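Listed next as structure tokens: two forms of one protein chain, kept apart as structure 1 and structure 2.
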Structure 1
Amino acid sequence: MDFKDYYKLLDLPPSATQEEIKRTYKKLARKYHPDVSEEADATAKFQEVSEAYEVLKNKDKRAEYDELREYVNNPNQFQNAGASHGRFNSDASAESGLDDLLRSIFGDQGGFGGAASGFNTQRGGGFDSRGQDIRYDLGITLEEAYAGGKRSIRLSTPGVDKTINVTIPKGVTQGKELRLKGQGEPGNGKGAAGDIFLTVSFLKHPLFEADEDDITLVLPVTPWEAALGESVEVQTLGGKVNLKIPAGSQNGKRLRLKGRGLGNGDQFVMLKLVNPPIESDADKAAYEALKEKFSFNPRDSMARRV
């Protein structure tokens, strides 16, 4: 870890008041917070900004950091100041980025002041703390979401490497969170194990689009099927069903298959009219016959609107 100039990170002069530091932090936090930001590397930037603020918002930590910064910028001034390094060992440096900064500059030996213990912060809390939760994005197919089922996934984190069996509930929708209690990282001491949280996301399907619990299928039809009506076979997540296309249907018409979506959702079938290509003189003649027959101008309604 390199020395970080927290003032530069916040774009503030080292003489900034506590009030200015607070105001700038709030502004940058709104800009870079991963939950609200659209910036490309929001997470990393927010981490830097909050690390800087954690230190600078506290007068003691800030004083300590200022001294350290002075040392980094003018190391010669401190040549005979061995004794004063002990001051970097105060409690204020624990549990903050300052701790890591000090270590990066003076090394992990704790050679100054003879008191290394100040650095040995117990990461992740006390002795009986609960284990870390594990978060995982579970990509599933729409068929799996529709029918439910079981799935084995391999989880590999620093604390856990195992295969777990997940039950996918029938009718689950995008973004739903599944929790596996006590299967996360083991706790410390008597602390309970953490949990596993799986967030459901849908894999792209060759035919269907999901909108919450509704499913849409775009169905190509011929102009005469749409005009005259026809009963056609369509795919649903639960298998094929017959759908009656009403006579006089236009392109984009939406028909509903009730209860054929996820859970209580429906399936919608959107008609897409496809003209047959002309592959022979006879094909061409058929189109020309249509042209002769209809004195139809689909742009009439546009003319009336301008």
Structure 2
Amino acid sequence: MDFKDYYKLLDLPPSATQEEIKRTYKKLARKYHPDVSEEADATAKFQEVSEAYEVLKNKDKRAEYDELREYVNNPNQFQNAGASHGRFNSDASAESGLDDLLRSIFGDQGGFGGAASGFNTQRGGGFDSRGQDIRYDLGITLEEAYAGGKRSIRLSTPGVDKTINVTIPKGVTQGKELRLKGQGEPGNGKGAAGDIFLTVSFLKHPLFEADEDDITLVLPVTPWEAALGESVEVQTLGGKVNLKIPAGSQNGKRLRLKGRGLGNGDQFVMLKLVNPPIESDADKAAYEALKEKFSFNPRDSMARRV
């Protein structure tokens, strides 16, 4: 039996927490993702860390795997333990107990789950096994997330080399996982094909910042628009709309456009006051006239607090 130590693959101790496992997987997945990595064996490494994460992220599968790992590292301990270890006891052979354990981790009826390639057990003619799952980071624009759409992506792994069509759900949020059933690597024998799991990430946008299903736009405004109030045109993911700026608004004020975010989210507009530049003597004189007109010191409130 060829055994892969998933903890060593992720460079983590067996005592690692679920959060540590998740954090390490994300770091390694970014490092070895075939679309961005310059490592010579990036594709193989990416599949290995994805395989390890698929098992260790699941509490029950991880417990089963830990038992299998202990058996592989200390087989005599289990064979001599009698009935104290239910899976490897005197009523069943170690080989039979191993098969039972593999099935409990990776599934029944010949399908040993996404990580089956890590356990190449051969007994007689071997067994049918489910194909490897594939994980892929799907970067989309905020416009695609807002309206939904379709995307063709090219997947190239040791077991799969094909173009697939992906439907992007309307209002999808960052981190959402999309499953394409049966689109992963082919199984062995009569085993079913694995799945493709697409994790949605947002590409950097020149105007908007996303926070779950809300988005924020920083809107430059003039001092008089903020002071006097004004209706201005604002860009949203669904097109331009008019926004009423309340009179007396200050720099950093947040206004809400309800329902203009992703899904059920909103769009927030944060005002950024921008002073006009001084490009002539007349411009300078206008500022000096304002200075004379208003006996206003914005720092007075700070002085009163000292």
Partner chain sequence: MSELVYTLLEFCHVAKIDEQLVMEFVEHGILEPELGQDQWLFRSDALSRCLLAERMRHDLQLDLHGVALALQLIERNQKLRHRIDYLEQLVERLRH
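We call the rigid core whatever largest set of C-alpha positions still superposes within 1.5 Å between the two forms. Residues are numbered by position in structure 1's sequence, first residue being 1. Quick caveat, the model's predicted, so the values are computed rather than measured.
The form predicted together with the partner chain is represented by structure 1; structure 2 is the other form.
The Cα shift for Glu279 between structure 1 and structure 2, taken after rigid core superposition, is smaller than 2 angstroms. In the core-superposed comparison between structure 1 and structure 2, the C-alpha atom of Glu292 has shifted by less than 2 angstroms. Taking the core as reference, the Cα of Val49 moves 14.5 angstrom between structure 1 and structure 2.
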